[in-house]
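In the structure tokens that follow, the same protein chain appears in two forms, which are kept apart as structure 1 and structure 2.
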Structure 1
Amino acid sequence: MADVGALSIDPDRVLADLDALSRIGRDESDGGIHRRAFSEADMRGRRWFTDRIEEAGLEPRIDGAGNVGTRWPNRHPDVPCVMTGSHLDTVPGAGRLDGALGVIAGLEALRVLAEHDVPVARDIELVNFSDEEGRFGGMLGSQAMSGQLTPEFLERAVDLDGVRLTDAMAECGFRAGDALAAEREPGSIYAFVELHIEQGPMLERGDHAIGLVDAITGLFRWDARFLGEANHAGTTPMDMRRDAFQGVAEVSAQIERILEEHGGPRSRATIGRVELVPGAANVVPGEARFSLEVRDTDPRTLRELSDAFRRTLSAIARRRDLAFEFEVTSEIEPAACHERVMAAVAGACEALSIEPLQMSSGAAHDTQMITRIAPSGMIFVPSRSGRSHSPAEWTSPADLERGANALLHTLLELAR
């Protein structure tokens, strides 16, 4: 048996796999990858993945939610397993790394462990989660596994084109109702870890190779509306206006103050969408609809920010004689990573002589769901310029190699 501490993944194999997978569903005109969940390209991606599993001498597994993977060495059925995984589905026009890296690096880790017949005390399970990108509004695979699906959701879920989840799954040979059976018992997973690109600029800015994630941000998202009065922009004096856009602009100007007073260094607030009615150059906007999205890793901070924004928006509306309405369109609780997994990642980094940056994940991931049933954590690698969900997504081969090795050694720490 090899010296376990000296084990390392084969970077050529990882890069070749990423290359091969990136050709599935790729639009040659712009290089964007299109593997929406339960599309024909997604199914080809899954087949490519199970072929690789079999090629490695392992056995493919699939559950009712369509989560595909394998388990190695499959000799410890009664011991809580170590799990790793990510997703092969993509947003439309995606890059080659988001999701794919975690699945392929997990596969490579199992290949290396199997080739060297490394002794472990726990099985390691690898999972490609279904529909992480939320074609049908959630994270189907990891929600199923963590017991957060209902029959009503499965019946009602539709994509933006109105296609029903039940129909899309049926076309791929799945019965949506079976997704409920994908639930795992709390306690059946000893630890879960996901390798992912950062999709942000922090690692690149600090010149760090690895991010040791300690929490995944939660968020609230509002569809908000100020109602004033549409008036002629020439004949209505400034002091007689009820300009709904001025209200939104003032909210925007208050974001910095609110985050300073009520948030922390990990707080983010974004107005990403604004629609003015009637929306003409010569009419004072009578109505402004806008989105407000606020994120933080601390549930208490998030609640305080929600209160602060509510107070500020109400006060702006009162002062400007506007009506104010909002609807919570999304609310996700932050998820803390588990000490057990963070220690294993830190140990793996030490073994690889890498100084990781402890950080939070600003984006949502399957890990967020799995925290509900298992001690979980994440490993990040840098994203050039923070770019993601775009063909511009890029991580250097050296960083990909370091990330895959960090995953390998984290799994080893957890499973041995």
Structure 2
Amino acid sequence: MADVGALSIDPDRVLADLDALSRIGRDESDGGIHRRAFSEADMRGRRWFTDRIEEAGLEPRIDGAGNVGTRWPNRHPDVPCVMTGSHLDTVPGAGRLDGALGVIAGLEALRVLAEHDVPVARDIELVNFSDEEGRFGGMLGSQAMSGQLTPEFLERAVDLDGVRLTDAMAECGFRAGDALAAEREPGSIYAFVELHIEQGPMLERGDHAIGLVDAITGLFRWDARFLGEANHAGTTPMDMRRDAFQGVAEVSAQIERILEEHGGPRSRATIGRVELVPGAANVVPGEARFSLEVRDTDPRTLRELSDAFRRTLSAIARRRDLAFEFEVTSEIEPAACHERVMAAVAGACEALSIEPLQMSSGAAHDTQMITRIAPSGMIFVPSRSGRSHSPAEWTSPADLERGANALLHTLLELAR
């Protein structure tokens, strides 16, 4: 048996897998990868992953939510397992690492442990979660596993093109109702750890090779609108206008104040979409529809920010003689990472002579859902210029290797 402290992943094998997977769903016109959940490209990616599992001498598994994975050494069925994984589905025009790194590095960790016949007290399970990118409005695979799906959600879920989740799954050979049976019991997973690219600039800015994640942001997202009065842009005096867009402009100008007074260093707020009606150059906008998304890792701070934005938007509407309406389209609770997993990651980094940066995740991940049923945590590797969800997404091979080795030794620590 090999010295477990000296175990290392095969970087050439990891890079070859990432390269092969990146060809599935790639659009040569924009260089982006298009593997939307339950699309033909997503199914090809799943088949590719299943083939890699079998080539490693492992047995593929699939549950009712379409989560695909494997378990090694599969000798401890009554002992809570250690789990790792991420996702292979992408946003339209994605890069090659988001999600894919965690799945491929997890497979490589199992290959290394199996090749060296490393003794473990707990099975290690690898999972590729379905629809992490939320094509149908959630994180289907990890929500199913953590018991957060309902029959009502499965029946009403549609994508932006009006395609129903039930139909998309049926075309791929799945029954949406079976996703409810993918639920795992709390306590059946000893620990869950996910390797992921940071998707932000903090590691690169601080010249850190590894991020030790202590919390994952929550968020609320509103579809809001101000209703005023459309009128002639040339004949309506400025002091007589009920200009809906000016309401949005004032909200935007208030964001920094609200975050400073009611938020914290991890607070974020974004107006990412604005639509004006009627949308003509010579008409005062009578309606302004806009999105507001607010994130933080602290639940109380998030609630205080929600109240502050609601008060501010209502006050702006009154002052400008506008009506104000909003609909909550998404709410995700923040999640704290577990000390058990954080300690294992820290121990792995120490063994590898890496000084990690303790940090939060500003993006949502499958880990966030699994925290409901198991102690969970994350490992980040740097993203060049903080770029993600883009063909420009890139992490150096050296950082990929360090991240995969950190995952390998974290899993080993948790499983032994």
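All of these numbers come straight from a predicted model, not from anything done at the bench. Between two forms, the rigid core is defined as the largest C-alpha subset superposing within 1.5 Å. Residue indices: 1-based, along structure 1.
- The chain appears twice here, and it is structure 2 that represents the form predicted on its own.
- Interdomain rotation between structure 1 and structure 2 (smaller rigid part relative to larger, C-alpha based, rounded to whole degrees) is 7°.
- Per-residue C-alpha deviation between structure 1 and structure 2, core superposed: residue 276, 2.5 Å.
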